[in-house]
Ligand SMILES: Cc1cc2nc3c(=O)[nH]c(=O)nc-3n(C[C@H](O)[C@H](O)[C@H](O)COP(=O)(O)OP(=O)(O)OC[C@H]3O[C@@H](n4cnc5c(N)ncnc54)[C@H](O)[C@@H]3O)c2cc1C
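Only one chain is included here, represented as structure tokens and corresponding to the form predicted alone.
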């Protein structure tokens, strides 16, 4: 029996553990540095068909329809005047039992945790050292425990300690001059949008998205604001919890969106957007997944989906001895290019460029060949 050590209990690590749990040839253990997984109870994620299809293999389709939401379209709006630009029918990519899905991140995490036994996740284990022996990988944790494994899977997020260890701190994520603003807002504050769809508002150096998560009366809110931080601010991990900084961002946000909406946003939390600048090819029998493999801008709603898709690819690669790194790199490069392009297009400031962008969008969202190439290659495996 081969032993597998997974560093990090995020979406990709938990999903991968669920896959290996059902294979008698492998023994899997997750090592998580916190004493429990962070849920961010009210915040949402979007899952496109490529990831829902994988999740259904471990019982995701058993969740009730009250616990999730299936948007039909993405409605695009001009933030300046709140006028609708066009809509994109994302339901056309759905399969019979696999639909584009929005739900609370905490709901997905709990589903993945529930699928594992009590002994699989070890909390309060922060990786300190990774050493490679002839036949196994040796791990040393902050509590002094030492473990060995046949396969090491690093899945500890964008600020991955494991990635830093195997790259000698030469591959840290970089701040891309954007801040993510998460919150919740009641549906009643959006009278002129369709609550069956994802609503995406495009503005100057800012865009935001609202969508339902389940059958309750709240929308998930996430805004992406262009905001530069100096080097000291980027290193200050407490900055985004400081009242003065939160107040300054809220002030900028109040200038971007209508006051009647801004005042109704609840549970606001701020997150700096860090992205990867390169790929790290790890030693034999060591693998990176999720944001530890590569983190891209959050403008394609593919973060969670790619964590799941990448974990499934890795599972298949280990079973079949395929070249996971090359396959995943090619796929992620494509998504990263499109995420960066979306971010650029969503944040245009020049009125002339905005005018032509809107005309082009109206054409492209109805062009089947474009949709099949731009979205179909990502939404479907």
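Positions refer to the first chain, counted from 1. For clarity, every value in this text was computed on a predicted model and none was experimentally measured.
The discussion below concerns the form predicted in complex with this ligand, not included here.
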| query | finding |
| --- | --- |
| This ligand in the predicted bound form: contacting segment from 180-188, 279-287, 89-97, 257-265, heavy atom within 4.5 Å | 180-188 |
| Proximity to this ligand in the predicted bound form, single hit among 252, 161, 107, 73 (heavy atom within 4.5 Å) | 161 |
| Contact residue in the predicted bound form, chosen from 60, 69, 315, 31 - any heavy atom within 4.5 Å of this ligand | 31 |
| Touches this ligand in the predicted bound form: residue 125 (any heavy atom, 4.5 Å) | yes |
| Residue 115 within 4.5 Å of this ligand in the predicted bound form, heavy atoms | no |
| Close approach of residue 303 to this ligand in the predicted bound form, 4.5 Å, heavy atom | yes |
| This ligand contact in the predicted bound form: residue 157, any heavy atom under 4.5 Å | yes |
| Members of 1-30 lying within 4.5 angstroms of this ligand, judged by heavy atom, in the predicted bound form | 7, 8, 9, 10, 11, 12, 13 |
